[in-house]
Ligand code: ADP
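Have a look below at one chain only, the form predicted alone, in structure tokens format.
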């Protein structure tokens, strides 16, 4: 089949989180099953065509948008290893030539409704113009809601494609004033309580939820959780009504990118059979982050957006007690200014135990996964999560809350039965996180138990093949 993916970020071109990693890996896995796959995403200012080997198409596109037709340029990329995957980057300087992807220091861009409506329109126009008209349009998160809507209108004599909409994070809903509808050419017939109207606003997320032929989320447990008032963010009724077309498909891990046996970002490679390289990575990471170089101290790590959703309110509550123990902890991420400040201040008071790097550094993220002994991910909710899967492959047992994809991918450690792949807790509170972290430190202190745990972690297989097969079956059904 011909599959058209529409997404606001795609690794390696643009990335703020796991969405980009999924769009960098899932299309390759679908192509390996024989599908013809196209991915359309914006060309942001940060995307350097020369660096990524992108070719600019001599002929641009005319993307319809309300009463206007917007002229856009197109860059094309193609991975040599996967010729059945084409990536097109929509080039429109007024919309995408900015420092940020979704906003800046002042908040979200005021014209995000127009920017991502243009992405959806350009994606369909591109498919029609370049002779790659899809059997299925697969949109990802609220930014692709307009693409799902536009797939319903006639594009010349082309047959209407089927549609799939994937929820990567229900908390972000793309809410805009009703006044954007007509100028952007969004179909009014779907603007009602059963469609994309949400308490007097237009919700791009709800457009995908109500109009797409099939809905997916990125883990089975999250598919159940979002149908409850606690995690439905006001959309739980919509999702319960569409439960028959909602499927939870667990994300995979791209082992071409995240594999300690051939990771070029690491000072040394290693495998489950030979872990000497992991010890080299630990010492190098301690030196890089100005922590005492000690092989015996448990080194813990987190790579994340710094938000309460990711559990950093719990981490801040637990750290004063935990830092009294003999451990080290490294954090890489950015997010809420108050969390950035609080963590940085705590690191300044404990420079030999806590290192905080504000920002994102892909190479350092790989070195943290490899150099740490334990990975900390106590999310309030987690649609799937990818870092816990990366941690498993790198032999870095995760400490997680039993929610969403974290619960689906991690088995709680049991020393007596010598089973489990990490340390889980249920209640979202500081004592529960502290106790789970304490259990992990106790396990680290028993070399035989911990060595067996590390090898169980590295034996787990969350490759994209099974996930791609599930999506392939879903496409076939519609």
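Positions refer to the first chain, counted from 1. Quantities reported herein were computed from a predicted structural model and do not represent experimental measurements.
Same protein, other form: the form predicted in complex with the ligand, not shown, and the subject of what follows.
Which of 361-369, 342-350, 176-184, 110-118 lines the interface with the ligand in the predicted complex (heavy atom within 4.5 Å): Correct option: 361-369.
Sole residue of 259, 334, 321, 78 within 4.5 Å of the ligand in the predicted complex, by heavy atom: Among 259, 334, 321, 78, a heavy atom within 4.5 Å of the ligand in the predicted complex occurs only for 334.
Residue among 303, 126, 249, 297 with a heavy atom within 4.5 Å of the ligand in the predicted complex: Going through each option in turn, the one that passes is 303.
Interface membership of residue 466, the ligand in the predicted complex, 4.5 Å heavy atom rule: Answer no; every heavy atom of residue 466 is more than 4.5 Å from the ligand in the predicted complex.
is_contact(residue 201, the ligand) in the predicted complex, heavy atom dist at most 4.5 Å: No.
Exercise: residue 18 in contact with the ligand in the predicted complex, heavy atom 4.5 Å: Judged by the heavy-atom cut-off of 4.5 Å, residue 18 is in contact with the ligand in the predicted complex.
Partner proximity in the predicted complex: residue 397 to the ligand, non-hydrogen atom cutoff 4.5 Å: Outside the cut-off, so no.
Contacts with the ligand in the predicted complex - residues in 361-391 whose heavy atoms fall within 4.5 Å: The stretch 361-391, when checked against the ligand in the predicted complex, contributes 361, 362, 365, 377, 382, 385, 386, 387, 390 at the 4.5 Å heavy-atom cut-off.
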